[in-house]
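The chain below stands alone and is given as structure tokens, in the form predicted on its own.
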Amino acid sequence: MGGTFDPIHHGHLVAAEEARYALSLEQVLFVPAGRPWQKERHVAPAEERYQMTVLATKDNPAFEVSRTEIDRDGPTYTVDTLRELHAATPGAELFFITGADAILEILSWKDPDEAMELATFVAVTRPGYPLGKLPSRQIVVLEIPALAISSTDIRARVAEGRPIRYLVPDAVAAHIRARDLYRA
């Protein structure tokens, strides 16, 4: 499951667990983006986003977090990560789980054709992002319980001093407070 995870929230975790169950996956590997090349806004430091993802997933033995993109220099591209995972796990069937908002931009990604040859893409539904205009390529659409939670809203809430309890795991909320992330 790839994403910026800035911060990771319950919507991400529900999507990962639903995909794990629906697709009979042995494991879901969370891959926080190192330097997301398509994000024009400032993002929290990669190490902070990695730590929050570890905290959020630690209680699920089927979840693991990768440093693949965090430790890579320069902008991070999904296709490079999929190449690495493909080489590291020969014979494994790879699925790339991402949100509806991201999948709608897939044709603007680096080497989208190669990326879709390396993994089956799974688009998880998200309120406000209809998936009617997907590229003609094979993409699995997975309906998940509608949780209108977004990282954008969480960052805004923190900046405004509003509560984020029940939007993110408690350990993530504590990390955000301790590191003073997302404050104006």
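These figures come from a predicted structure and were not determined experimentally. Position 1 is the first residue in the sequence shown; the rest follow in order.
Omitted here: the form predicted together with a small molecule. The next part is about that form.
- Contact with the small molecule in the model of the complex holds for none of Gln51, Phe63 and His175, as no heavy atom of theirs lies within 4.5 Å.
- Using a 4.5 Å cutoff between non-hydrogen atoms, Arg83 does not count as a contact of the small molecule in the model of the complex.
- Taking the partner from elsewhere, Val124 is found to have a heavy atom lying within 4.5 Å of the small molecule in the model of the complex.
- Taking the partner from elsewhere, Thr68 is found to have every heavy atom lying beyond 4.5 Å of the small molecule in the model of the complex.
- Within this chain, Asp113 is remote from the site of the small molecule in the model of the complex, having no heavy atom within 4.5 Å.
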